[in-house]
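In structure tokens, one chain follows: the form predicted alone.
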Amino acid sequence: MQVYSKEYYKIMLVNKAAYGQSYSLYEGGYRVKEVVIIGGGASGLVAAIVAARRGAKVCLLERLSRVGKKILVTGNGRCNITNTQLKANCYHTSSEVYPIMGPIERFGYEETKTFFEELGIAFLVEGQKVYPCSEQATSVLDVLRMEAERLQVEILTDVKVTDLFYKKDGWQIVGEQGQTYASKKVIVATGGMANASLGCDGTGYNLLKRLGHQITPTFPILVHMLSSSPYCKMMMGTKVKADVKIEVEGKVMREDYGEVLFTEDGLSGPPIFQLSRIASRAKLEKQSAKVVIDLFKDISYDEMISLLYERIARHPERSIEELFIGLLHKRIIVPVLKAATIVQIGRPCENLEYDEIARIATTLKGFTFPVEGTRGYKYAQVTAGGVKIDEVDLSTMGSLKAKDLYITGEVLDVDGDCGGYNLQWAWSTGFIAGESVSRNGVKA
């Protein structure tokens, strides 16, 4: 008769009472899975599926009551699965020398397309962005869940992991309620800190730091920018299409075009999200930053001057404020004139002096907003910073600090632009880790 240790019976009773689950055994009397994945987001689900397809017995631990909640909010609920142009300059890391595109090159657009098509997802391409044809993020999560279920991946929810350590011949994973799991190999796919209500609460950083990994400073990105400008509140709720630049310490760092939304405390919209990484980092490094909005990107400053004179000549009797009706959104007219220090805007526009017209043109071509950073992690889509990428073998996603430990997704110090780049990083790193930990994988 097999004799089990007291520790085995204790672990078995705790977990059986909590989950009613059965586990396989290995030497030493522990009840184990071959692979335990901590985190049931995009990266964790793909890793579980790939490992299970290759013969591994997989257990996935999720902190929330269901897996994949963050997937549901991507692409405004449509799920921007990937991007047809996965370029290196769309990814960012604090590492200056370590190549980060290996996982993307190994499992890129075509591989991702094949993976999801086999699960039943047809691709809808809009420009470079890729969505499911259903335009529902729920479709993506549903097919991932169904595949995991088909492969008999054991998914345990409401499990917050508080400790992770290597003992004897395997890993011990400890939950908040005292439940313990044993595993030969572990994948940490916990995500970052962006929007804790969707599962990301920084748990992975703490676990991995205790195992010897360095954590580079983190900050929220793909998020609303904060500005002290009074004009934001005046234009609150207004959207304009414009060219947007961000300057740090007087230097233009990046430029983007799209729809800008003015809010009570700052600016939002796709180009703002795209530039928010720079604003957030500037705040972290205590540098001054500002956003400069060009409301007429297709015409030059001199052409703007000529356009204003033409409008004045056409309707000299109109007030200065009325001069801009039909040219600007009504809620933007007064803020623009105030920013250009134009007084008595009810007077006839024919009374405008040249220097006043020049100031208006300057404002229309460069409406400036000081930036005091961004909203916090609660409102962010992604976390920048994280586990130092130099400490991970990107060909396997294996830790260089601990045996049989793999790290994937947002918890790593790699982040992408808006447009499906971050989900692609999750899919790619999850796929590689799933291969590496599986029974028949090249590194198993």
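Just so it is clear, the model here is predicted, and its values are computed rather than measured. Numbers follow the displayed sequence, beginning with 1.
Quick note: we don't show the form predicted in complex with a small molecule, though the next part is all about it.
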**Prompt:** In terms of non-hydrogen atoms within 4.5 angstroms, which of the given stretches 340-348, 118-126, 99-107, 70-78 touches the small molecule in the predicted complex?
**Reply:** 70-78
**Request:** Answer for residue 331 alone: is it within 4.5 Å of the small molecule in the predicted complex, judged on heavy atom distances?
**Result:** no
**Asked** Even though the small molecule is not shown here, does residue 39 get within 4.5 Å of it in the predicted complex, heavy atoms only?
**Response** yes
**Asked** Even though the small molecule is not shown here, does residue 386 get within 4.5 Å of it in the predicted complex, heavy atoms only?
**Response** no
**Asked** Going by a heavy atom distance of 4.5 Å, is residue 428 a contact of the small molecule in the predicted complex?
**Response** no
**Item:** 58, 392, 50, 380 - the one with a heavy atom within 4.5 Å of the small molecule in the predicted complex
**Value:** 380
